[in-house]
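Quick heads-up: it's one chain on its own, the form predicted on its own, in structure tokens.
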Amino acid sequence: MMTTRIALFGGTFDPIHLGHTTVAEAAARQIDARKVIFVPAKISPLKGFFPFASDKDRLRMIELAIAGNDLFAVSDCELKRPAPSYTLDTVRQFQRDGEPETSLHWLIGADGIGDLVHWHQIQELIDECHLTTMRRPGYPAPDVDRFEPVWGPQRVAKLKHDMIETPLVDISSTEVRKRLAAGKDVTGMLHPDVIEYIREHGLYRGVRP
């Protein structure tokens, strides 16, 4: 039986922007994923503060951003759980609910590698899924050898094997919020339907990211 690869893309997506969808699509091509599932978090365990937009609004913006793209889907499983929700819990839920012979890849940005030491039960997470690091072209690979004394050579080798290269898209949700709060144009940063939703619902007005 052939293995089906599913990529899970977690984050606050506050709001989801074209950088998110661009790297997600590129990652899917790199690992030959059948589906990329966006998993908005209620709150980041590491950041410790709630997103600016509500769960409902962030979920709806993701739905608008991925509409019509059969490669993409969204799950509200973390929004339904009490905060904070841990990545390992989500991976295990998809393992329980998914089809047999499914390989789960959790997408992370290269700039998040340093924070892995703070992730809940990180060694179990590395063992139970593929932590797929999205590298930016032209930048050196993140250093994971430093974790070998703690996590062991097999886990470090797995992390290295699961590194992929995705496009560099110079957009951040923080910058988008700043521009929206200042009444500036965000064309080319967000899906047009997401921009319209934000305007209709008055999101991010006066926020201080």
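Start at 1 with the first residue shown and count on from there. Definition used throughout: the rigid core is the maximal C-alpha set that superposes within 1.5 Å between two forms. These numbers were taken from a predicted model, which means no experiment stands behind them.
Omitted here: the form predicted together with adenosine-5'-triphosphate. The next part is about that form.
Look at 121-129, 103-111, 74-82, 88-96: in the model of the complex, residues with non-hydrogen atoms within 4.5 angstroms of adenosine-5'-triphosphate sit in 103-111. The partner is absent here; in the model of the complex, the one residue of 59, 156, 163, 169 having a heavy atom within 4.5 Å of adenosine-5'-triphosphate is 169. Interface membership of residue 69, defined by any non-hydrogen atom within 4.5 Å of adenosine-5'-triphosphate in the model of the complex, is ruled out. Put simply, residue 174 is close to adenosine-5'-triphosphate in the model of the complex: some heavy atom of it is within 4.5 Å. Although the partner is absent here, residue 116 sits far enough away that none of its heavy atoms falls within 4.5 Å of adenosine-5'-triphosphate in the model of the complex.
Although the partner is absent here, residue 23 lies within 4.5 Å of adenosine-5'-triphosphate in the model of the complex, judged by heavy atoms. Within 4.5 Å of adenosine-5'-triphosphate in the model of the complex, a heavy atom is found for every one of 12, 19 and 136.
No residues of 62-81 lie near adenosine-5'-triphosphate in the model of the complex, the criterion being any heavy atom within 4.5 Å. A movement of the C-alpha atom of residue 92 falling short of 2 angstroms is seen between the shown form and the other one when the two forms are aligned on their rigid core. After superposition on the rigid core, the Cα atom of residue 136 is displaced by 2 Å or more between the shown form and the other one. Closer approach of the C-alpha atoms of residue 19 and residue 138, by 3 angstroms or more, is seen in the model of the complex than in the present form.
Note: residue 138-residue 166 Cα separation is 3 Å or more longer in the model of the complex than here.
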